[in-house]
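Just the one chain here, the form predicted alone, laid out as structure tokens.
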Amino acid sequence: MFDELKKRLSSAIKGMVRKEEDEIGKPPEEHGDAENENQKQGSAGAVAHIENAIETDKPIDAQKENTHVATTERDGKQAAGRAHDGREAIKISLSTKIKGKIVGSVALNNDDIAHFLEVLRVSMLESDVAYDTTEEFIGMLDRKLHLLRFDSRNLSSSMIGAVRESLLEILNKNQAHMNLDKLINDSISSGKTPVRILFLGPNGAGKTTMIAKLAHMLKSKGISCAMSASDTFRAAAIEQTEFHANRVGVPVIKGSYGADPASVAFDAIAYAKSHRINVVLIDTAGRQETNKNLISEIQKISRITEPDATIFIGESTSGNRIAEQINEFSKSIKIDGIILTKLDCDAKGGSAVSISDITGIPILFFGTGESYDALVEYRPEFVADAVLPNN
């Protein structure tokens, strides 16, 4: 999961770090052969004094250094020999050590920032991050990079930290809008049960399997639940819901093939009330946002069941197509949360970064495999750590 996005972002960050480290490591700019030779000759004699001051963190004695340089320059032949032997040491001491120890931090120049941001922009767009989200992220990072000074001795970690902060700002947007655990626990505490959760989404997204995973998770937390087999459009769907319910050990309420799905959901709620079950998970037929008849059907189910939460389930491998589907569904029915399935099959992973941002609806969970335990609660830190290189 997130493999391509991580590879691209890692490459961009490492390229920027290498370039800046090369800049830090460059010797002073040369101004002509004769002048440069004199500088090298003088510096060769002074380098030991400078290096000793740096290594011991003592201040450099400028007067002593100047006297040493002047004395060395008067004896050209002797200084030339020392310059030849110590040329590499001069570069190391005067560039890396002085800039690293005395300067301590560096600011990135505008051209380097612009190039880095363009590489990031292309990397994110090619990894299925939505255009608007990419531009918002690039804008945040641009402002941050122009304001910050970076630790020259740990440039890679500093750069990753700056990118991570901007990414978390994007990933945290809209997440406060809904917390499923809090909704369920507050309802149980106040006696307002059963909590009714309605699920919808396109065909083939793994909706029924995901509902079973949620039932398994709730059961492991000591929260009782039942599944409503309200996908009566296909006979096999009823059997599938029953199969999963039996596997995870929760009751399933079903009707016959072709029955009114809203009636099945209503019966499931009545069953939960009479058996003091905390949560009802209502499965529905997969539908495309363009199918007006099925959209009308989900609206009817919603009117009758009055769900406490309506959750959209979609495949992360669909990329930004999911956002278009959600926006279309939202015109007909209010969606409170998103679950992305098959994240383990999504090499790009960019849609997980941008869907919440462009729809305004929080992501609740990721499906990461076939087992009932393969369910990951959405955390912005999880996504940021998954797409950025290790320090």
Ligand SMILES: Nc1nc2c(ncn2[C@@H]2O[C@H](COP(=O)(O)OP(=O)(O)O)[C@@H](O)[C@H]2O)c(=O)[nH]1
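All residue numbers refer to positions in the sequence shown, first residue = 1. Treat the numbers as computed from the prediction; the structure is a model and nothing was measured.
Unshown form predicted together with the named molecule; subsequent notes refer to it.
- Region of this chain that lies against the named molecule in the predicted bound form, out of 126 to 134, 302 to 310, 205 to 213, 251 to 259 [heavy atom, 4.5 Å]: Every other range fails; the passing one is 205 to 213.
- Message: Just to be sure I understand the contacts: of 234, 143, 273, 153, which is the one whose heavy atoms reach within 4.5 angstroms of the named molecule in the predicted bound form?
- Response: Contact residue from the list: 234.
- Task: Flag residue 341 as yes or no: does it have a non-hydrogen atom within 4.5 angstroms of any non-hydrogen atom of the named molecule in the predicted bound form?
- Result: Yes, residue 341 sits close enough to the named molecule in the predicted bound form that at least one of its heavy atoms falls within 4.5 Å.
- Looking in the predicted bound form, any heavy atom of residue 369 within 4.5 Å of the named molecule? Answer yes; at least one heavy atom of residue 369 falls within 4.5 Å of the named molecule in the predicted bound form.
- Message: When the contact criterion is heavy atoms within 4.5 Å, does residue 318 count as touching the named molecule in the predicted bound form?
- Response: No.
- Message: I'd like to know if residue 240 sits close to the named molecule in the predicted bound form, meaning any non-hydrogen atom pair within 4.5 angstroms.
- Response: Yes, residue 240 sits close enough to the named molecule in the predicted bound form that at least one of its heavy atoms falls within 4.5 Å.
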